[in-house]
Ligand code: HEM
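The data below hold one chain only, encoded as structure tokens and taken in the form predicted alone.
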Amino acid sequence: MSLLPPGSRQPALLQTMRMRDPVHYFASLRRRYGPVFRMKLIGFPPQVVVSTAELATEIYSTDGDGNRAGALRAGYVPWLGDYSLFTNDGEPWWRHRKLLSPALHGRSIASYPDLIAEIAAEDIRTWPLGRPFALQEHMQAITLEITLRLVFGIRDVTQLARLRALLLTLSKASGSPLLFLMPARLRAWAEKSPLAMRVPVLPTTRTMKASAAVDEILFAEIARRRDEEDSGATDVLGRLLKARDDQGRAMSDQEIRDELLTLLEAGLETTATGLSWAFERLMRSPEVLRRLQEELERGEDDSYLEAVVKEVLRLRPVITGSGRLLDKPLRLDGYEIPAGWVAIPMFSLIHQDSEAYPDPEEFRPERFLGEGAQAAQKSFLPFGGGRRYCVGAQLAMMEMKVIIREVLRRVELTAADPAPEAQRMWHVTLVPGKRAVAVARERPLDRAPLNEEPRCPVHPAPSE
């Protein structure tokens, strides 16, 4: 008989209800059962959770031969399509990974910082001064605009406005908690049933209709860009149109569409949430904020800024964890995990491991500098690990650093409430409970004033 790890014996319904506060629930299970424990949630196979980087590495070592990450996600994000890097496995996944990676790394994105800073500045000019407002909304507006212009490469003003509104609608609809609480079979039926599609209040109806409206614009844009044959295009769409696999095959329109929506799904909410947490933590850590501002003003390098971003993502991971559906039994810490179970490296627990991060509750960017940096980096998993390490991680880090620098250069932020904001589950992300409420005040700089004519396409001018 196989030896299973310990875990809660509560009914799956009660365990699922505890997911309203997953961070505290997982921490309580870790304290009670140790670094490996099992759990059962409605609509999912049995799950085993690990809470150390070493055990996570054992799970990741089976990537490509022993587990499937895509199969675990496919039923929950059907709007991403059949070719998505997020939902595929095996050879189709590997082919797309090799096609997509060059468009998101190194020299391909080296020219992006200036435009990212410009997009951020456009939104910052619309921020209300001297009164509380939620930063999360503005961070989402900035990251959406980056996606539209650097990933999708859309320049037509009318198309930009239409797609911007539709992508926000799709993001909100697909993020509905009701969508993820629906039993898998019911959800699959509702997404394809003509009868269910006539019920506008269903989250499946709203999501699939928003996805169809987005498709109309994306396929038209892909067709237009194919006709143009712009060899000098630097946006991700332009690079995907030129990409060829090992056999010289190009990506089809459907393949490109699926990956564009995947980049939206993987990057829009996650990067916006990471930025919201960055400012939430900085506003409540005056010494860190002061040092960061001083280092940025000196302009020597961005090593401390990068350490701040990493510490934010460690202390407030945007995603709780990322699982693998096991095709073969897996031995973990003396336990035998059967095939058909899900093995999950839980980032929210791994990043609180006191062996890797002494005083883990403290916001201390210095962990990622100097002698301790290598040890801290070893357990740093906000972008996952193994073969399925996030393909957009380099772009996400760039966005966060550029936007934080631009915000701190233009405004002084203080927390509207001195109490820290709680972590709240939204979709699959952990967001600040009050959406990072801040008060902004203009910084005296040798630049145009904040009340110059705003150009942000999402937020209107602040009232006089």
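All values reported here derive from a predicted model rather than from experimental measurement. Throughout, we count residues from 1 along the sequence that is shown.
Another form exists, predicted together with the ligand; not displayed. Remarks below refer to it.
Exactly one listed residue, out of Gly238, Pro382, Gly81, Pro203, brings a non-hydrogen atom to within 4.5 Å of the ligand in the model of the complex: Pro382. Residue-level contacts in the model of the complex: of Thr169, Thr270, Gln140, Thr234, one residue has a heavy atom within 4.5 Å of the ligand, and it is Thr270. Relative to the ligand in the model of the complex, residues Phe26, Phe44 and Leu330 are all farther than 4.5 Å at every heavy atom. Mapping the unseen interface onto this chain, Val308 falls outside it, with no heavy atom inside 4.5 Å of the ligand in the model of the complex. Using a 4.5 Å cutoff between non-hydrogen atoms, Tyr33 does not count as a contact of the ligand in the model of the complex. At the 4.5 Å threshold, heavy atoms of Phe363 stay clear of the ligand in the model of the complex, well away from it.
Heavy atoms of Leu85 reach within 4.5 Å of the ligand in the model of the complex, making it an interface residue. Only one segment in the set 194-202, 291-299, 311-319, 221-229 has residues whose heavy atoms sit within 4.5 Å of the ligand in the model of the complex; it is 311-319. Contacts with the ligand in the model of the complex, taken as any heavy atom within 4.5 Å, map within 365-399 to Pro382, Phe383, Gly384, Gly385, Arg388, Tyr389, Cys390, Val391, Gly392, Leu395, Ala396, Glu399. Compared with the form shown, the Tyr76-Lys40 C-alpha separation increases in the model of the complex, the change being 3 Å or greater. Between the C-alpha atoms of Tyr76 and Leu80, a gap narrowed by no less than 3 Å is obtained in the model of the complex, as opposed to the form on display.
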